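There is one chain below, alone, in structure tokens, taken in the form predicted alone.
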Amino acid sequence: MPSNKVQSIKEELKEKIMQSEDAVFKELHTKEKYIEALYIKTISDETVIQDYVVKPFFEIATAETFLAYLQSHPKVKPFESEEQTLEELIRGVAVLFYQDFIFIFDSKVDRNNSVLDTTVETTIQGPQSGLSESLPTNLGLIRHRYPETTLNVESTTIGEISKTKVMILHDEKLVDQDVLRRVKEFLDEVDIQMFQTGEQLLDLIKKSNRALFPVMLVTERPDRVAVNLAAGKVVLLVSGSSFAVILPTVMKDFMASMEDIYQTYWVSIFLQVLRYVGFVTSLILPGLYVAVTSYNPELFRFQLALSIAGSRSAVPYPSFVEVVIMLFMMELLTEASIRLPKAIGPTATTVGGLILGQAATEAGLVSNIMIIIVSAVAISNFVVPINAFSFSVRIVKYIILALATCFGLVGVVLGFFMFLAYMVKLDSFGQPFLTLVQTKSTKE
């Protein structure tokens, strides 16, 4: 191949791939030989490159012998086309430029063997591997699932003492440049001494705008990261953290599970509807129970009204006190299940909940119907896929409960519309929080 053509191909490949921080262009010299290597270090095995390219380059004396070595090596294949070479490059191979030849050296590394399964966002189907605490490993996992040359990787440091490395990932072709600018400005303004995980950004945002709901999504799944990169989102990877941060994030992102894309269409629709039903149930059911029981019992059928009245006949205080006591105990059980060791946590909380509910009912402290209400609320709250969002929902239901205690059904309706109005007011780096259909971003 003519040397000018080799030079042209080399410059085009470098232009398309060198914008990313993990791209490496290495030059090696001896008196007799000169070779250049282009690869992406997060998805290439640099040990293999060192053993099979760098060492032989310095050990083999003549240029002709080294050329014969490359042509006969089983991991090396000749150049076919620029498109094919670029496709191979973003999947982990190294491109070698030697004399007037271009070689493709297989240096791919499988990062899936070095990571653990997901523990927070589990799915029945689909990939089970999660992110690790190694930044290069995480970047390699994402590049394996998102093999695009337009994937741009930048880095910055956060923390006056920790000086933690943070990588900013985005697809240059799909990202909204205004959102990207807002994200970079936010990171530049972060003032913290010790920064160790992306979840700290949630706390920093809450302190700045007092937001009740998270406006960024924290995930441990590489496949969720790849899907959001394809949607034009910005992803942050923090050194030492096994979670990635996705921005901007709207409500439908918090209500979506990766299980949806691994199921059939109607099953996926059913699961999404089920989540929203559980979400609304968790919000309004406690307040609705108090409102109907204390203010508007005529809404019940006659038999149901008598049944509830008979169940509450031994309870010595109003329904809202009964609801608050049981919700508070459920919150304690939920927190205990998180803090207890995994070996005894589920057993202790399950047995504790059963004994507590049975004893409270027999002592006349709460009614039987109240046990059903609290159980339904707890189950409905766990239907929300993202924990950070479900925690916020746990708070909102107390606000609606307080309004229902004061104003009955009017308070429930008022609280629900106040909740909707608050979410309409929220935005995530310029993206309205209640956006249902996000328009495809274009590069400015």
Partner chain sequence: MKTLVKWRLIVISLSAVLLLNGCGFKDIDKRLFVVSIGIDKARNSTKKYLVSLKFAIPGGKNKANDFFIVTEKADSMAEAVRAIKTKVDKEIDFSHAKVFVFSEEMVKLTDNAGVYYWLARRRDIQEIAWVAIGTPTAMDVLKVKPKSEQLPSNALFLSLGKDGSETPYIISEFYFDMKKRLIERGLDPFLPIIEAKKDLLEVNTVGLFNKSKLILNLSQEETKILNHIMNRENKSALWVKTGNIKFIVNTTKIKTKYKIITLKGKQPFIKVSVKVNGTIEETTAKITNEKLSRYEKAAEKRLKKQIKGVLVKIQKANVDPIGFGLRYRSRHFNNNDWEEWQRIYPHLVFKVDTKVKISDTGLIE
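Numbering follows the first chain given and starts at 1. Since the model is a prediction, treat every value here as computed from it, not as a measurement.
This next part talks about the form predicted together with the partner chain, which is not shown.
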property	result
Among 218-226, 252-260, 316-324, 158-166, the region lying within 4.5 Å of the partner chain in the predicted bound form by heavy atom distance	316-324
is_contact(A61, the partner chain) in the predicted bound form, heavy atom dist at most 4.5 Å	no
Y398, heavy atom within 4.5 angstroms of the partner chain in the predicted bound form	no
Partner contact for I338 in the predicted bound form: the partner chain, 4.5 angstroms, heavy atom	no
E83, heavy atom within 4.5 angstroms of the partner chain in the predicted bound form	no
Among the candidates V273, L306, V280, A230, the residue which, in the predicted bound form, approaches the partner chain to within 4.5 Å (heavy atoms)	L306
Partner-contacting position among G310, G240, G126, P78 - heavy atom within 4.5 Å of the partner chain in the predicted bound form	G310
Heavy atom of each of M330, T334 and G357 within 4.5 Å of the partner chain in the predicted bound form	no
Heavy atom within 4.5 Å of the partner chain in the predicted bound form - qualifying residues of 270-297	V290, T293, S294, Y295, P297
